[in-house]
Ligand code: 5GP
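Below sits a lone chain in structure tokens, taken as the form predicted alone.
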């Protein structure tokens, strides 16, 4: 049974290229914070390690996990499947670990709808502008302009889901963005006051979608 000593769940989502994976990695260095490792059917990127960044599996194995109802959430993104298995997450939470999720809005919705008896805080990360996002996507390991353009089209759809998150944070400067998220998590845990301006975020989203 969940208790006051349980860990909390912290979800970070963002359109592709806005920086959620880097932020999750920084937060995981905090004491008692651990990343939930997702399963995926996509191929590893150059700098990724099996069982550390992802559990890279075949589509056949992924479908078997779906059939056995082992996922807390899963989604198909850019023709690849991503998913979080339930047992390791619950195990960590019961041991008092705070679990970080690097997942998209589809996965976040599924976890919210599960209504687990653990505290959940959700963050949506946005870029400072569409121009900066395109630059980041073009500089990543995807030199292919078509891929960057495909992700920009997806961005216009993904950004609309900001409204379903507890907090939206703009990643203009990585250190500032990290500090903002860290302070909001701390305030949530300690019931402290939160430095958060929803009107500013609403205006920023308007700019991104106009």
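Bear in mind that the values here come from a model prediction, so they are computed numbers and not experimental data. Positions refer to the first chain, counted from 1.
What follows is about the form predicted together with the named molecule, which we do not show.
> Just one of 45, 61, 157, 145 has a heavy atom within 4.5 Å of the named molecule in the predicted complex. Which one?
Checked against the cut-off, the match is 45.
> Evaluate residue 90 for contact with the named molecule in the predicted complex, applying a 4.5 angstroms cut-off between non-hydrogen atoms, and reply yes or no.
Residue 90 lies outside the contact set for the named molecule.
> Would you check, heavy atoms only and a 4.5 Å threshold, whether residue 82 touches the named molecule in the predicted complex?
Yes.
> Does the named molecule come within 4.5 Å of any heavy atom of residue 103 in the predicted complex?
So residue 103 counts as contacting the named molecule.
> Report yes if any heavy atom of residue 107 sits within 4.5 Å of a heavy atom of the named molecule in the predicted complex; otherwise report no.
Answer yes; at least one heavy atom of residue 107 falls within 4.5 Å of the named molecule in the predicted complex.
> Counting heavy atoms only and using a 4.5 Å cut-off, do 14, 38 and 75 all touch the named molecule in the predicted complex?
Every residue of the spot touches the named molecule in the predicted complex.
> If you look in the predicted complex, which residues in 145 to 159 sit within 4.5 Å of the named molecule (heavy atoms)?
Read in sequence order, the lone residue that approaches the named molecule (within 4.5 Å, in the predicted complex) is 151.
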